[in-house]
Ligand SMILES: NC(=O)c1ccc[n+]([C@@H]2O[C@H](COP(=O)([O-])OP(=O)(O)OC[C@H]3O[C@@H](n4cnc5c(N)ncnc54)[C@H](O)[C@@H]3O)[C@@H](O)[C@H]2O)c1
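Next up: just one chain, as structure tokens, the form predicted on its own.
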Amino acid sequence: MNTAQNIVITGFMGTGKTTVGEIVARKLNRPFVDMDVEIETRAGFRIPQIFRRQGEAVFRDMERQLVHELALRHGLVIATGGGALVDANNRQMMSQHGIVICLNASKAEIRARLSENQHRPLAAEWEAHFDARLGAYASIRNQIMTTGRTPEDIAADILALADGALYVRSPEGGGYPILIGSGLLHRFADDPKAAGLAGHVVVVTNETIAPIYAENLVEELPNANLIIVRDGEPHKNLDTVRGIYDDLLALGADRRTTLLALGGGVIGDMAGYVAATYMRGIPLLQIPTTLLSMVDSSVGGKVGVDLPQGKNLIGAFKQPKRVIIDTDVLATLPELQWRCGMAEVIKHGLIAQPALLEPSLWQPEEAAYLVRHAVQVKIDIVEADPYAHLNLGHTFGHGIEKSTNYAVPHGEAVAIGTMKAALLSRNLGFIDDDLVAQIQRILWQIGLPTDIALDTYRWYAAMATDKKWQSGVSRLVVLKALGEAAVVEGLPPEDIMAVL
């Protein structure tokens, strides 16, 4: 954590800035400044009196001066007034000298909170001010939704952000942190309250991960149970999900229980789907244990299970409370699973971050760098919304998985699919043979396959069941250039089959 930078907590009135700020300051042993209190102390009047006697313009000028003064100090935790960072210059000043975090709450929650505290200035006409300030608040990178959460839980998210966590802004508002580093599994077990795991926790994992990490984790947490399922994609189905539901009921899990998904993409998808549907939704925490799940499936909120007719045809969107990526667990990752994860890293490099295509980075020793930068690619894309761009090679790959009854690992299927997408991109005139050859060399260097012997018609039929196709119309991701992806729709079947 950068101890010099200020931690600035802003947001609308009633979102808990002061309460949470005091907790953060106490945990970090830092000075806490409540800007409204500081202005009242200097002026010798309560803020409502300043508004009545001197007007809002005078108050905003006091606020502006204090913003500039505090921004130039170091190591503070600052709770701003609700309107302090609506001004773009104030936002910029605070952002240049610290990390700015905006707290949000639903209108219903704010209405309830303000009804208990009508002495606040502007409280009577707060809804109009709420709507007017939405744009300014939305421009702040880090957003935390406070509705239905304890101040301690919110403070934990702020501490994670200050410690360098990445942050995903979810479509529903708010978001969640992604912690990436060494030894995180043991660190949060030492302080479960800070990770939001002090209550009842159920860890869902598979028979491979259970003896390596899950059993110890359950013992370290104060109130945790363990559910173990069979390992592998063939078991990611509704029968397994039904078994998890039964186990949760037997363990007394209720809506306050946190489901912790500990494993690769299969566990993350399946446990996430359970969290989205059990009792209409319970909190979810993702701890991915494979490179592939770290850089792909644990981020973005897509969860689901397979049907015999196709992959992930039953699913939901379920945003986790947070994602914890302990890069130390990669030390026990089999070489095949490392290669499979690298298929997703290379995909991210092709669609958005060519720096990831540097061979010197493709080593386990560079895992922290690879994971952080690959995850940032996914964050940037899912926040902008075109989830489809992340599916480069995936429709081809899902067809392989289905056609082989998942005998081909997901990463290898994606590698082959990426090669097919590159060939299709060339045939459509977007990229040239040199880039196709470069992609093939990269995949070969990592040890990934670029082709497979499958019946062309069977492969195409399996692809046609992919959920991204709509009303029988194909939707595929292609490369328009290195670092630039696009979606093409309605290609003739012969154009697709030509590359199979």
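Don't overthink the numbering: it's just position in the shown sequence, from 1. As the structure is a prediction and not an experimental result, all values here were calculated from the model.
There is also a form predicted together with the named molecule; it is not shown, and the following applies to it.
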### Message
Between 334, 148, 222, 135, only one gets a heavy atom within 4.5 angstroms of the named molecule in the model of the complex; which residue is that?
### Response
334
### Task
Would you kindly say which of 422, 79, 292, 144 lies with a heavy atom within 4.5 Å of the named molecule in the model of the complex?
292
### Task
Find out whether any non-hydrogen atom of residue 264 is located within 4.5 angstroms of the named molecule in the model of the complex, and reply yes or no.
yes
### Query
Would residue 329 count as touching the named molecule in the model of the complex under a 4.5 Å heavy atom rule?
yes
### Task
Please check if residue 87 has a heavy atom lying within 4.5 Å of any heavy atom of the named molecule in the model of the complex.
no
### Query
residue 254 near the named molecule in the model of the complex, any heavy atom under 4.5 Å?
no
### Query
Picking from 310-318, 349-357, 157-165, 180-188, which part of the chain touches the named molecule in the model of the complex when contact means heavy atoms within 4.5 Å?
310-318
### Task
State yes only if every one of 10, 34 and 153 has a non-hydrogen atom within 4.5 Å of the named molecule in the model of the complex; otherwise state no.
no
### Query
From first to last in sequence, which residues of 188-215 have any non-hydrogen atom within 4.5 angstroms of the named molecule in the model of the complex?
206, 208, 209, 212, 213
